[in-house]
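Read the single chain below, which is given as structure tokens and is the form predicted alone.
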């Protein structure tokens, strides 16, 4: 049976995460319901990452096996006809033997922080609101410390096994002036991530930006490789899975 590889975008606000769960609304659950309508039989969907409740994606990668007699473009259109407005397939193609999680070389997440003197309602489910007091240079300096191969146990637990060592290729802040404030975006690319790792990193980096913690305190907590030094995770609505990279690209 042909295997299809697709890029998926979604607004995670209404969903209890990506991974299918009984009796709750999830991204994977909706995908499998739509494939059941198209195929007339249950179809399992594999994903590159298991985003949490409320987290968004512009570059989630999925795969599934389907006996489809028409073109790839026709399948993309058929899926998007049945999918709700907050989920959409961006591209699709056949790729035998492809597994979106096991074949991935790296994953990139972005976290948006809205710095504004006044709340901006359009960003309520898109970013984490902060008053305009953040020190950019300190946040950037702390973020740069994460690049390389390190034990990230301070920021999360492994989804399986006990290994908390990860390789981070990129860790940096950028900013964009928008109506009503400034959007600060933290981008991090790594081989893989621990559970809640990005949101805990962002929470600590924002604490550094607010002056609640120093860069030196951030580094000491990071090097301790102990979850007891973490801050509670930043809220989920600012987090986006933006890209998954593969060796064939």
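Everything quoted here is computed from the prediction, not taken from an experiment. Residue numbers count along the first chain shown, from 1.
Not on display, but discussed next: the form predicted in complex with a further copy of the same chain.
In the model of the complex, residue 126 approaches a further copy of the same chain with a heavy atom inside 4.5 Å.
With a 4.5 Å cutoff on heavy atoms, residue 133 does not count as touching a further copy of the same chain in the model of the complex; it lies far away.
The closest non-hydrogen atom of residue 151 lies beyond 4.5 Å of a further copy of the same chain in the model of the complex. The shortest heavy atom separation between residue 147 and a further copy of the same chain in the model of the complex exceeds 4.5 Å. Highlighted residues 11, 85 and 119: every one comes within 4.5 Å of a further copy of the same chain in the model of the complex, counting any heavy atom.
Figure note: of the listed segments 217-225, 35-43, 176-184, 192-200, the one touching a further copy of the same chain in the model of the complex, with heavy atoms no more than 4.5 Å away, is 176-184.
Just one of 89, 168, 75, 143 comes within 4.5 Å of a further copy of the same chain in the model of the complex, counting any heavy atom, and that one is 89.
Between the options 108, 157, 138, 80, the residue in contact with a further copy of the same chain in the model of the complex by a heavy atom within 4.5 angstroms is 80.
Residues of 40-57 lying near a further copy of the same chain in the model of the complex, listed in sequence order, are 56, 57, the criterion being any heavy atom within 4.5 Å.
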